[in-house]
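We begin with a single chain expressed as structure tokens, specifically the form predicted on its own.
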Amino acid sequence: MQVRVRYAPSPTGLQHIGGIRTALFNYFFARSQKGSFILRIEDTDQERYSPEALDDLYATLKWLGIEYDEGPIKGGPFGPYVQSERFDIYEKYAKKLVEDGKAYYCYCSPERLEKVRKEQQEAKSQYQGYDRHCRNLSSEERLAYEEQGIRPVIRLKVPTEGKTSFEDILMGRITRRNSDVSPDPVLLKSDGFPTYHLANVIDDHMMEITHIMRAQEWIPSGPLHILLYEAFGWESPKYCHLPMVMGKDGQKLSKRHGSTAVAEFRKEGYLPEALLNYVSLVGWSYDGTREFFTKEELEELFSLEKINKAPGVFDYKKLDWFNGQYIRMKSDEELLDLLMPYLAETGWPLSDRGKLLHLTAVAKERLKVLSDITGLARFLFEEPAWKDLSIFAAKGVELPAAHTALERAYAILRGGLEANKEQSMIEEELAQSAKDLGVKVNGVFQPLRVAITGSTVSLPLFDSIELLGFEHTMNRIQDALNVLKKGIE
């Protein structure tokens, strides 16, 4: 049996970490088994449908290098399956269930359904949901409704007794009482639109899906889908409900933890190979120790047996670390090409590629994400503003002492560079000046960094000086001393 899996997103919002992890697990499982990875667009919710969300789906898969395997017509145009193009199929199968006595037409108005719901709530009834009013209508009663021009929905006949079970590769056997399954849910709406459950089951069967890998939040839908498979007389695929993706606080990953949309990570400057590698480890582990995998390695090594039952924790700091490692694997030329779009947005003059390559080589060790480059490079293209003078003073140092420290640092730095002293010797002299002034080393280095770059977070001191140039550096320090002096006075 050839493995066939699918990723079936609804284009109602941007691709997020949880969804894309589901896509990756399906994709890597298919590739490891020499099977097929199918993309299906579940766009039956036309009210929430978003063209931007659909564009984001395609862009995200392309960015990650995830390719799906076939089009809707064998030998025809390549592309995903789209549910809104398959309504005639869903209607045909829904009516077949009615003919077989497994489903029925329901003529209840929204007003009646709302009335029933309120009555159940007021009576605090244990039974909540549709009251199966139309389940056993006579042909005469149905005809009377139809003569009124009422367009019915089609509802599934859910057994009122017994239990329904299915096997889950990860969770084991899952059983629910039929009385706990949604009572006779709608399969086909009066406007001909299928519900998620009907379209999902029909498509999985027709597309010969062998394994359904989806989030654990879909477990409650499992028994209903099994009942649908049984009603059609079809064999169900194997299920593997994936562990949830959680934040470090143990709660389901959401915007309160930070970015969750892949597009936001991409915009910020995460590399696709870093995101792909890290997200694949959220709930899956090869041997408990190995962390770095190429896409090709995951295509070979991924297996369902190594998915963890426990929720996977998405750690933003760990992702930053991964991304930094992948950034440092790039050559300076490769990295500069990746950084250029972020630098170009600033409007700075970028014609000197040699200088930019130097900047890239120096900045590489300090980049967590690509967008960090603008903050680190700003001092090369813009003069510092120094609006808040307290930035010159390290922790525990008063502003007058910071001014004195900068004066001494300026003399040491200028004299040392003009005499071509070794960098280590100049650093020792700066450290000694801190001791002489009775401050920590940062009490000297911080005002120096701020004077040169305008920030407490910067490239290494001597690399900054080399990039900026000796005279420009000395002039900046003098300007900073003047600004500090006025501020103190």
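Keep in mind the model is a prediction, meaning the values are calculated, not measured. The numbering used is simple: start at 1 and walk along the sequence shown.
There is another form of the same protein, the form predicted in complex with glutamic acid; it is not shown, and what comes next is about it.
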### Task
Please pick, from Tyr286, Trp218, Phe87, Tyr316, the one residue with any non-hydrogen atom lying within 4.5 angstroms of glutamic acid in the predicted bound form.
Trp218
## Note on the structure
The one residue among Trp234, Tyr196, Phe381, Trp321 placing a heavy atom within 4.5 Å of glutamic acid in the predicted bound form is Tyr196
### Query
Picking from 259-267, 160-168, 308-316, 196-204, which part of the chain touches glutamic acid in the predicted bound form when contact means heavy atoms within 4.5 Å?
196-204
### Close approach of Leu484 to glutamic acid in the predicted bound form, 4.5 Å, heavy atom
no
### Message
Is Glu42 part of the interface with glutamic acid in the predicted bound form - any heavy atom within 4.5 Å?
### Response
yes
### Message
Test of understanding: in the predicted bound form, would Arg214 fall inside 4.5 Å of glutamic acid by heavy atoms?
### Response
yes
### Contact of Val5 with glutamic acid in the predicted bound form (heavy atom, 4.5 Å)
no
